[in-house]
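Read the single chain below, which is given as structure tokens and is the form predicted alone.
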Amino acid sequence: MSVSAIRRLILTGLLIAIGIALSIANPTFLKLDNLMTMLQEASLTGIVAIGFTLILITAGIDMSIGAVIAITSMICVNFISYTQLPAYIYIPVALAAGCAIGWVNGFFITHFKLPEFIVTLATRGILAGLALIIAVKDEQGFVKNVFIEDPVFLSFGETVGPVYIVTIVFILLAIATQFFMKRTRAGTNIYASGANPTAARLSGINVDRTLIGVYMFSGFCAALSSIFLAARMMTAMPEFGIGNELDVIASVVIGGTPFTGGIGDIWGTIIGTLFIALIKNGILKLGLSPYIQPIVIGGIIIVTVVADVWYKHHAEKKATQAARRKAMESKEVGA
């Protein structure tokens, strides 16, 4: 059994164990409304995490995902407030804006050979400022809380039966992305670009184009999540999404995609997203302060990264020992 499969089994077992413990501590945990709400929360984070998974597979980082949510939600609110255009026109504009932001990130990273962290962190600051600038304001210049009444837009926050539409979209996007990564040449190129960019270039892969495409997809996923978030809240504020990077990073890393690149998949990210949503929901159900959520999530990230580093060193040590034994056996046979 592969390491990733073992990791998923352990994480799934933890999910079940924590779920049982929470259901005993608070019987309302197993109520359908709570479970569907938890899945909705997981889906909003999970959509962004799908795009971020591809970023980590290429050994990159995208710190602008939260700001993309903020700016694209403000784009939608501006269309709603100042135009009469229908949702099926301005929603694609917001999604295109997310892709464009991803293209800018990828362009500067690949053409100017700048560190991914620096580029996306700068983009985050710029977008956060732009979100405040273009936010709808009242006569005194203060940010106005716009109540969204567009029925088409609000339909993104509705349900199909007991299941929220965002959960359905999350599942479909996850399946499509997993198929793309595992069954297409472009997906193989993404893995190769993260595992060894130099070898990938020598084998004929256009690594720069691959990276730009990955960052565009990350921007698209963040913009898509912003649509569902604004529809759920029936409003949008310029701080939407800012700070969500921690939940997204935790979901992807816990799911088995390391920062070193070349490894990971969407199934692990789904489990990691559900795990984070379960932890956050459990904290609320146990009556604990929500302020400890980032502390717990940050601790989980540290533990996961330490475990990954330890396993990597352990695997390298075993491989070295096996190579030495093989070399000694060869010498004995030759003698």
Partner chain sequence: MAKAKWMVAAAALFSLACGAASAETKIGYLPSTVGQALTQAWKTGIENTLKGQPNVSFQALDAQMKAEIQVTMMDDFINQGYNAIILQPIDAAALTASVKKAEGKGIPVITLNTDTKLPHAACVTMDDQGAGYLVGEQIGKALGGKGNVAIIQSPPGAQAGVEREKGFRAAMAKLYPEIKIVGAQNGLWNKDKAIEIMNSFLQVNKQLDAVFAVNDNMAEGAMIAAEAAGRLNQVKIWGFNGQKSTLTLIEQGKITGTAYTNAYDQGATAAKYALDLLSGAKKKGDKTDVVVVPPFAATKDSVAQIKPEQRW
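Positions refer to the first chain, counted from 1. As the structure is a prediction and not an experimental result, all values here were calculated from the model.
Below: the form predicted together with the partner chain, not depicted.
> Out of Glu116, Glu239, Asp265, Asp150, which one falls within 4.5 Å of the partner chain in the predicted bound form, going by heavy atoms?
That would be Glu239.
> Only one of Ser155, Thr260, Asn145, Ser81 has a non-hydrogen atom within 4.5 angstroms of the partner chain in the predicted bound form; which is it?
Spelling it out, the residue with a heavy atom inside the cut-off is Asn145.
> Each of Thr123, Leu246 and Thr304 within 4.5 Å of the partner chain in the predicted bound form, by any heavy atom, yes or no?
Negative, none of the three is within 4.5 Å.
> Spot the stretch among 295 to 303, 278 to 286, 265 to 273, 47 to 55 with residues whose non-hydrogen atoms come within 4.5 Å of the partner chain in the predicted bound form.
This holds for exactly one stretch, 278 to 286.
> Though only this chain appears here, would Phe170 touch the partner chain in the predicted bound form if you measure heavy atom gaps against 4.5 Å?
Outside the cut-off, so no.
> Taking 4.5 angstroms as the cut-off for heavy atoms, does Leu229 touch the partner chain in the predicted bound form?
Heavy-atom contact with the partner chain at 4.5 Å: present for Leu229.
> Taking the partner chain as it sits in the predicted bound form, is Asp308 in contact with it (heavy atom to heavy atom, 4.5 Å or less)?
Heavy-atom contact with the partner chain at 4.5 Å: absent for Asp308.
> Spell out, yes or no, whether the shortest heavy atom distance between Met233 and the partner chain in the predicted bound form is within 4.5 Å.
Yes, Met233 is a contact residue.
> Between 30 to 60 and the partner chain in the predicted bound form, list the residues on our side with a heavy atom within 4.5 Å.
In sequence order, Leu30, Lys31, Leu32, Asp33, Asn34, Thr37, Gln40, Glu41 come within 4.5 Å of the partner.
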